[in-house]
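Just one chain follows, in the form predicted on its own, and it is written as C-alpha cells.
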C-alpha cells in the first residue's frame, strides 16, 4: 500500500485527474507505470516515436493517426496528465457512477468518443471529413484488399449517405447522426484497465 500512495504522490493534480477521467487510483498507477515504461529516457513526456513500442499501434493501419491524436497541433510531446485524458476516451462508460449535473460531460461520453473518432478522419481540422480524407483512411485500413475503384466507390457512397447538407463533406453533426445506431461505447472501449 505504501508504494501505491508514494506513486500517487508523484503525479501532479492526481485527485483532479481521477475526477476528470473517472479512472480509479489503481488505474492511474497502472497507466503511470505504462507511461514510465514508454518514457525510456525518463524525460517526463512522450514523443510520437515512444508510442512505437506499443505493438498494437505499430500493427494498426491507422496507428499513426491514433498516435497523432495524443498531440495537439504544433505540440511534439505529451505529459502524463494529457496521456491519461486521451486514454479516458477509451474507458467504458460507468453507468453506475453518479454524475453531477453541474460538471462537464465525462471524457468517455458518447459525444466525446465520437468527437475523438471524427478527428481521426478530419486531418486538416476544418470541421469536415472530405472525400480525400475519407479515401486516405480507407486506403490505410483496407490497403491492397480492394481496388482503388472500389475504395472510391465506398467513399462516394459513404459521403452520399451521410452528407445531409449536400456540401460533399461530412460535418461532425452528420458523422454523429450517421452513427446513431452504432454502439460507440463498445467499439471505442479498452477493457484492459480493470
Partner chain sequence: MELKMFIIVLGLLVGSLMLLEGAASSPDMGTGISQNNHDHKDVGHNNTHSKKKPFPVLSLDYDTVRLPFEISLWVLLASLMKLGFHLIPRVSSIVPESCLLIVVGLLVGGLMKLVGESPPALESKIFFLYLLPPIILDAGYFLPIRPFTENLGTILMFAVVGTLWNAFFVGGLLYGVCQLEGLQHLHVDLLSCLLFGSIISAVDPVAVLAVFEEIHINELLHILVFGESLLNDAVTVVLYHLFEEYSSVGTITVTDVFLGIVCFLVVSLGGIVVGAIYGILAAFTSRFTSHTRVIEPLFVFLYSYMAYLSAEVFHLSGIMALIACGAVTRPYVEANISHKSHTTIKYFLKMWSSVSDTLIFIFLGVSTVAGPHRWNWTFVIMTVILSLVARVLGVVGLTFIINKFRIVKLTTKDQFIIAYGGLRGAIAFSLVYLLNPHHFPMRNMFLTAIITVIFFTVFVQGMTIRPLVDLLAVKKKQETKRSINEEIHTQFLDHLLTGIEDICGHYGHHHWKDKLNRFNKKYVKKCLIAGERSREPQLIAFYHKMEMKQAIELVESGGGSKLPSAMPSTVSMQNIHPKKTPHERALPQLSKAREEEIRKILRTNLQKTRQRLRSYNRHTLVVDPYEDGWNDILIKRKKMIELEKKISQMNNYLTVPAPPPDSPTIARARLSSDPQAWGIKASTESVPTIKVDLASPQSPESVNMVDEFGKKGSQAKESKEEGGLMMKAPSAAKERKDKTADEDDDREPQQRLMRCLSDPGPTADEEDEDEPFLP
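All values reported here derive from a predicted model rather than from experimental measurement. For clarity, a rigid core is taken as the largest C-alpha set superposing within 1.5 Å between two forms. Positions refer to the first chain, counted from 1.
This protein has a second form, the form predicted together with its partner chain, left out of what is shown; the following refers to that one.
Chemist: With the partner left out here, if you bring back its partner chain in the predicted complex, are 59, 62 and 83 all within 4.5 Å of it by some heavy atom?
Modeler: Looking in the predicted complex, the three residues 59, 62 and 83 all sit within 4.5 Å of its partner chain (heavy atoms).
Chemist: Quick one: does residue 164 come within 4.5 Å of its partner chain in the predicted complex, counting heavy atoms only?
Modeler: Heavy-atom contact with its partner chain at 4.5 Å: absent for residue 164.
Chemist: So in the predicted complex, does any heavy atom of residue 14 sit within 4.5 Å of its partner chain?
Modeler: Judged by the heavy-atom cut-off of 4.5 Å, residue 14 is well away from its partner chain in the predicted complex.
Chemist: Might residue 152 be said to contact its partner chain in the predicted complex, defining contact as any heavy atom within 4.5 Å?
Modeler: Contact check for residue 152: yes, within 4.5 Å of its partner chain in the predicted complex.
Chemist: Any of the heavy atoms of residue 70 lying within 4.5 Å of its partner chain in the predicted complex?
Modeler: Residue 70 belongs to the contact set for its partner chain.
Chemist: For the stretch 176-190, return the residues whose heavy atoms include at least one within 4.5 Å of its partner chain in the predicted complex, in the order they occur.
Modeler: Read in sequence order, the residues that approach its partner chain (within 4.5 Å, in the predicted complex) are 178, 179, 181, 182, 183, 184, 185, 186, 187, 188, 189, 190.
Chemist: On a core-based superposition, does residue 47 travel 2 Å or more at its Cα between this form and the one not shown?
Modeler: Result for residue 47: no, shift under 2 Å.
Chemist: After the core is matched up, is the C-alpha of residue 56 off by 2 Å or more between this form and the one not shown?
Modeler: True for residue 56: a C-alpha shift of 2 Å or more.
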